[in-house]
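Single chain ahead, written as structure tokens, the form predicted alone.
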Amino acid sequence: MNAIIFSAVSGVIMMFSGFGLKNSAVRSLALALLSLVIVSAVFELRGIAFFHINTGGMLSFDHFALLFTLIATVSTLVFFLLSARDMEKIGLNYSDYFALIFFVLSGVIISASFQSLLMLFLGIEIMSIPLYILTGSDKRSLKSNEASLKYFLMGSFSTGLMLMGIALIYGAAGTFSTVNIILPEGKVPVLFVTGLLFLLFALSFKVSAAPFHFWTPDVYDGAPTVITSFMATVVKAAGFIAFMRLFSDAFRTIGGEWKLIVAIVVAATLFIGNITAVFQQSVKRMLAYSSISQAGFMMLAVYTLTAEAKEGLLLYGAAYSLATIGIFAVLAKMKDYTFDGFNGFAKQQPLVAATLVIFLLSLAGIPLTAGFLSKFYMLSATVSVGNVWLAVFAVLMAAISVYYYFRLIQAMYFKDGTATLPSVSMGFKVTLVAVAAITVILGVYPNLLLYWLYF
């Protein structure tokens, strides 16, 4: 509860900060408020809650939810440190962008903590509505406006599916609680299974799982690049935390009704995401399709629902968010988003290029990076529940992903060109190096993070 209240209040403060503060002061205030949210989350993870509010069993702040809250808020801090200055390019409403991001964080935390279908709905909507606005925040860009409209329409459609699913499950089980569902013995009601499928499809929309992913490339491409960075990382990881929590609490005992469908969704997501990423000429669109393929791996946690998968999903959320925020932070400063636009980049910016290599290796799942271990956890969990073929297929798809990630490394190091960053501060470089170092450290000592799950 600490982080929800601090984040929501911070959003309100940021809304009014634009009236009397200059952009540099707004930025400093946002960093200070986010630091408070992080400190409050750490206190709650250590058992110190500032607010004792009876949620009536609708929210549960267990270690899984609190640790993800910490991961999401720290990732947002990294996003602010690397990209806050670039948000000035979007438009004049600088403080409002920070306010909306704080409101998104409130939705993220609710989505990680719900124990009621009503709170799941509220969390997803509080998370989504500010994102529709942020996607269209560059009002001068027709592409941004189109992406916002498309995102809003697709999001509204998935919201309809979610509401229908919640209504059907309430009709079958007589409760909105995800932990107190009692079904008749012997046979699962058709009404309940139908509601489950509606929720599965609605959440698949939110996390860009195939075949519900079609909005993702256009929205990611049309949104301002700095907003895409936040949307494709913290928000996507939160969607998977909510996905896994729902299926673990409410549907674990009836796995026979949905396991096969989720396995098909996982395979389709991995295949479509990786194959289409191979043919992209824009790095931004490649990362959009790459995010779909990464969603396939994270979906394995929903399929298996084991303790190992739960650990893997938290590690995946941290590894994927840090690496992708790092790459997008550099991309947002580039003028040319094509692969050719990175030709010769390593000669001009050797330190930044080296950090990009670490991020790309992590996304590809190369050993000694956090991305490798998070993929390993997912594959190990899949094998442990007896589905070896799905694990083998995921490994083959990961091998394909190496091609398009290494294509960017090839452009930076082995092709001639004059690609460079127009203006990069020393603080930006230091932050990138720190994030790259964390990516490597978590790849060697994952328990530095996972230890907090059981502390």
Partner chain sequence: MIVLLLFLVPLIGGLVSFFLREDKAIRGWALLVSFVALALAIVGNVSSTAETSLQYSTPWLGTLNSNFALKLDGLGKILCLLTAVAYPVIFLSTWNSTYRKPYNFFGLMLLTQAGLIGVFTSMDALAFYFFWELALIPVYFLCSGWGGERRVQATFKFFIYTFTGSVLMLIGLLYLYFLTPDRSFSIESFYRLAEIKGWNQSLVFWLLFGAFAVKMPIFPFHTWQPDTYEQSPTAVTMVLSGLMVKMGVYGMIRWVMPVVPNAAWSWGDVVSTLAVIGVVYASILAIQQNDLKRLIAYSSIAHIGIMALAIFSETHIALQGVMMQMFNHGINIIGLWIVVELIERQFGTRKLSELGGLAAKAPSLAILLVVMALANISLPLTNAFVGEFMMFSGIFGTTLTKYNVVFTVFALLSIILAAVYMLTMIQKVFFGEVNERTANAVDIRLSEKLALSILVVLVFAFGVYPQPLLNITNGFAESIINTSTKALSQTLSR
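Source: prediction; values computed, not measured. Numbering follows the first chain given and starts at 1.
Omitted from view is the form predicted in complex with its partner chain, to which the following refers.
Student: Check Ile53 for me: does it contact its partner chain in the predicted complex (non-hydrogen atoms, 4.5 angstroms)?
Tutor: Contact check for Ile53: no, nothing within 4.5 Å of its partner chain in the predicted complex.
Student: Does its partner chain get within 4.5 angstroms of any non-hydrogen atom of Arg407 in the predicted complex?
Tutor: Yes, Arg407 is a contact residue.
Student: Indicate whether its partner chain has at least one heavy atom within 4.5 Å of a heavy atom of Val444 in the predicted complex.
Tutor: Heavy-atom contact with its partner chain at 4.5 Å: present for Val444.
Student: Is Val383 a contact residue for its partner chain in the predicted complex, using a 4.5 Å heavy atom cut-off?
Tutor: Val383: yes, in contact with its partner chain in the predicted complex.
Student: Quick one: of Met334, Leu368, Ala267, Val188, which gets a non-hydrogen atom within 4.5 angstroms of its partner chain in the predicted complex?
Tutor: It is Leu368.
Student: Tell me, out of Leu163, Leu77, Ile133, Val357, which residue has a non-hydrogen atom within 4.5 angstroms of its partner chain in the predicted complex.
Tutor: Of the listed residues, the single hit is Val357.
Student: Give a yes or no on whether each residue among Phe376, Ala399 and Val402 has a heavy atom within 4.5 Å of its partner chain in the predicted complex.
Tutor: Contact check passed for all of Phe376, Ala399 and Val402.
Student: Pick from 358-366, 138-146, 231-239, 178-186: which stretch has a heavy atom within 4.5 Å of its partner chain in the predicted complex?
Tutor: It is 358-366 that comes within 4.5 Å of the partner.
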